[in-house]
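Just one chain is shown here, as structure tokens, and it is the form predicted on its own.
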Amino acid sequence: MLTAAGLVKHYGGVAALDAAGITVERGEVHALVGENGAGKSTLVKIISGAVRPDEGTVELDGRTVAFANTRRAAEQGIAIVSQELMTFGDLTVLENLYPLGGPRRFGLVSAREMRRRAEPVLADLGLNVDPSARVETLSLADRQLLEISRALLQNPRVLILDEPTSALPRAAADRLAKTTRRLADRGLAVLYISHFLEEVMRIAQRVTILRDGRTVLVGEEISQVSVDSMVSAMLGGTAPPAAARRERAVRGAASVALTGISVPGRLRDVSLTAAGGEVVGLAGLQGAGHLAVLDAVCGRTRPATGSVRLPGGAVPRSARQAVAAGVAYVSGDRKGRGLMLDQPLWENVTAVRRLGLGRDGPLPSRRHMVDRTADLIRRLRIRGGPYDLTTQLSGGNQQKAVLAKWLDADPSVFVLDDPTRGVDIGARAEMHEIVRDLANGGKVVLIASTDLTELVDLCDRVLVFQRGRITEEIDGPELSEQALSRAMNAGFAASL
């Protein structure tokens, strides 16, 4: 029905796809899985017309196709529901279902006919909402179902679902799974992308696995695989030997303690303690709740129940209070949350201490601030000078600058959110060394990362989250990429 073969796609000198392919038959749910960066998104973008391949072909019903854009692909019966929601909050449910205009009567768009066609689709997905309601009033789960409803109203032949249950509570995810199987039973070809491997085992008839841009398992019957075998195919190789694991004793009185915290839709009754001198990792798939823990510690989210205690007993009730109490937040989104790119490096590095904490006084000395910046440039091996515009630095050096501005403030707690995202291997190794030094110096370090290798390399232990709860703690010689991936994918926690 749909066949992609020999697909090659380069971005600069990096091969996103290297002779990858997949075949999806009519009447089946075919899962596509792989770790982050394996090439799943690029493959789907090519199939749906968003990207043109450098090499390879896509065939639909035995005919070679080359879509100029996603609209041309949709006209040929390929519909995609992306992981990134594309709803319009200020429009109604009905207007979102027909973004290009609905069915017409006597030359005019007919709201009655729009409703008539939409109602059975909404009912099939269990989306019980008022068609005239504005989408901004819907829950995240309902907006996800709305996206799927819009795709189904196109009467597609191929439906691509990219992480469709990542934002859904258990009941909605189960309902969507049943609906997906029914759609396949009616003759639809469904390409299903998911990190939840047990979900794949329940829903799909066949599975294709990508690793490093290559197809390493091609259309295998789901009865012939297991969660463990899929993890092995996704990761390749074996875990590092136990002797290679780093040992670090926990020391120092400083600690962060979360006791029974709940955040509606994100966390439920989570308790954990991170002591000075250790690096504690938080892992989970998208929406698992681990990032909500970071937000709670940083004062960006206030729990509905439970408590967060920082070293010294402070309770962070806002981001400003958390910073004042010694919490640093190092984001991998250096452009959006980390830096003032149009300002010189010294203004970025001294910003927290100077502006956020006011420690440099009402008339701060530029020479003093520049000297501190120069010291941190040497300490972190930043390739740039205090007066260089931050936008002129490489990505790795910009990320070091994010870390430098917090080191200048000398916090007791470091919260790291994908801290080496988008940096090269050399800068990554240098930043890892800095993080280890912080922990060795008695700082509390909490890190979440989409890179499992990073968690294994840095952490003394990792807490794995699913649907708002801690489901497993992995440490010592048991801590490996394989163990983390299995724990992150091993079923679902109870619904929020």
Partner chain sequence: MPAALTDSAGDQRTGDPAGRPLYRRLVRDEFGVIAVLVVIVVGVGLFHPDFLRTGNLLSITHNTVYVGLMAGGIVFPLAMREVDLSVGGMYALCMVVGAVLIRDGLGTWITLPAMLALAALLGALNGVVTTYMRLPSFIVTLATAMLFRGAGLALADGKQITDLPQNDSFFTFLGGNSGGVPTAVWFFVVLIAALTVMFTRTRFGARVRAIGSNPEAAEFSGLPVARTRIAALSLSGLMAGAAAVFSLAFFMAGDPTVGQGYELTAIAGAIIGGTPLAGGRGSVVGAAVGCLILSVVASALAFFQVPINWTTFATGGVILVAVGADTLLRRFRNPRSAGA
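Numbering follows the first chain given and starts at 1. In this text, all values refer to a predicted model and were calculated from it rather than measured experimentally.
We do not show the form predicted together with its partner chain, though everything after this point is about it.
Colleague: Using heavy atoms only and a 4.5 Å cut-off, decide whether all three of Ala319, Gly385 and Trp406 touch its partner chain in the model of the complex.
Modeller: All of them do, each having a heavy atom within 4.5 Å of the partner.
Colleague: Find the only residue in Lys45, His432, Arg469, Arg26 having a heavy atom within 4.5 Å of its partner chain in the model of the complex.
Modeller: Contact check passes for Lys45.
Colleague: Taking its partner chain in the model of the complex as the reference, which of Val225, Leu152, Val352, Leu188 has a non-hydrogen atom within 4.5 Å?
Modeller: Comparing distances to its partner chain in the model of the complex, the residue within 4.5 Å is Val352.
Colleague: Is there a non-hydrogen atom of Glu347 within 4.5 angstroms of a non-hydrogen atom of its partner chain in the model of the complex?
Modeller: Yes, Glu347 lies within 4.5 Å of its partner chain in the model of the complex.
Colleague: With the partner left out here, check for me: in the model of the complex, does some heavy atom of Arg372 sit within 4.5 Å of its partner chain?
Modeller: It does not: once its partner chain is placed as it appears in the model of the complex, Arg372 has no heavy atom within 4.5 Å of it.
Colleague: Examine Gly89 and determine whether its closest non-hydrogen atom to its partner chain in the model of the complex is within 4.5 angstroms.
Modeller: No, no contact at 4.5 Å.
Colleague: Does its partner chain come within 4.5 Å of any heavy atom of Pro99 in the model of the complex?
Modeller: Taking the distances in the model of the complex, the answer for Pro99 is no, it never comes within 4.5 Å of its partner chain.
Colleague: Of these, 355-363, 152-160, 305-313, 190-198, which stretch puts a heavy atom within 4.5 angstroms of its partner chain in the model of the complex?
Modeller: Going through the listed ranges, the match is 355-363.
Colleague: Is any part of 37-60 within 4.5 angstroms of its partner chain in the model of the complex by a non-hydrogen atom, and which residues would that be?
Modeller: Sequence-ordered list: Lys45, Ala50, Val51.
Colleague: Out of closer and farther, which fits the Cα atoms of Leu7 and Gln286 in the model of the complex compared with this form, where the change is 3 Å or more?
Modeller: Leu7 and Gln286 sit farther apart in the model of the complex.
Colleague: Given a CA distance change of at least 3 Å, are Gly289 and Val135 closer or farther in the model of the complex?
Modeller: Closer: Gly289 and Val135 approach by 3 Å or more in the model of the complex.
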